[in-house]
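Read the single chain below, which is given as structure tokens and is the form predicted alone.
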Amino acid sequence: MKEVKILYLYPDMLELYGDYGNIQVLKYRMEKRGIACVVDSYSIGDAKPDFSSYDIVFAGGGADNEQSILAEDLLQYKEEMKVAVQKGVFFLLICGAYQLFGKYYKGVEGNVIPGLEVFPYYTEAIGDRKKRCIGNIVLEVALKKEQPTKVIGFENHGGQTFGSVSPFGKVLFGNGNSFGDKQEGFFMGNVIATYLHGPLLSKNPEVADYIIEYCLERKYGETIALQALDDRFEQKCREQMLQRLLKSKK
């Protein structure tokens, strides 16, 4: 039986808007196909994990306070994180985690939380706490350079991210990395860093399967054709939401 190992970073601190649902979706879609899914967690005070031994590293969203608390702990693993990315471990980073893997996060009060500098972007919060990029968002995303697919999520962030040289997707509805931005997130073959909550993967089974397929092909060195699952309910929900959001933009 094939197996995929997931490491969930700081589940007690980075879990806004149902981000844990992303792991539940991955686990469900793997087990429906007879693929074993092992989920470990790491938080402050736990033994140091071997990041490169995992297939997926996942971290969710958190408010400024949580980010500032865990940033110091996370920074001690800066080089290990870079090595894991270089080795091809898949990183799924949502909102606060997306920000922490960049150069830095500058808060409303001007305090700077140093990032891991794994990726070249940086984030700065605007002074008005009431002004946020918030609401439903739709992206056009090219996975594997194939036919673009539409990705749906929910964004809620005051931080404005700049310098993402390889965005996750083109914004069709919503804000993106900053107010009115046409691009959202950061993407490379083994990294999806995005502001999309929801959780992201429950609304976008194609993205979940992209991650699973990538991990299996990397781990076992063979071309993988995943068994199709019955996603009719998910697709019907997606169609209705896309029609409502994109139609309202016209």
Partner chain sequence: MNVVYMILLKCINVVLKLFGKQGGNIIGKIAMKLNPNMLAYFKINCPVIAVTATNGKTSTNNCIGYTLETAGYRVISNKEGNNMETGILSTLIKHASLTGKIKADYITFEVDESYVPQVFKTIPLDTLVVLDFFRDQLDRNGEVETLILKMNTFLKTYQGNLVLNGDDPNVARLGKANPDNKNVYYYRVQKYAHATNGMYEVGEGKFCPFCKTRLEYAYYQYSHIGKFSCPKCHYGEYPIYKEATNIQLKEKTFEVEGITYHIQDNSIYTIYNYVAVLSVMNLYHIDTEDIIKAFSQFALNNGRLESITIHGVPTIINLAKNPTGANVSLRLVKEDDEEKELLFVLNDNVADGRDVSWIWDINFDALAEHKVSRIITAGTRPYDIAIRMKTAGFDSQKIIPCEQLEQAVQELYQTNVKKYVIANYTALQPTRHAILGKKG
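Residue numbers count along the first chain shown, from 1. All values reported here derive from a predicted model rather than from experimental measurement.
Although not depicted, the form predicted in complex with its partner chain is the subject of the following passage.
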query	finding
Complete contact of S41, Q86 and G102 with its partner chain in the model of the complex (any heavy atom, 4.5 Å)	no
A63: touches its partner chain in the model of the complex, heavy atom cutoff 4.5 angstroms	yes
C37 within 4.5 Å of its partner chain in the model of the complex, heavy atoms	no
Its partner chain contact at M241 in the model of the complex, heavy atom, 4.5 Å	yes
L226: touches its partner chain in the model of the complex, heavy atom cutoff 4.5 angstroms	no
The single option of A142, V165, V112, I134 touching its partner chain in the model of the complex, heavy atom within 4.5 Å	I134
Residue stretch of 192 to 200, 209 to 217, 177 to 185, 51 to 59 approaching its partner chain in the model of the complex, non-hydrogen atom distance within 4.5 Å	192 to 200
Residues in 12 to 33 close to its partner chain in the model of the complex, defined by a heavy atom within 4.5 Å, in order	D12, M13, E15, L16, Y17, G18, G21, Q24, V25, Y28
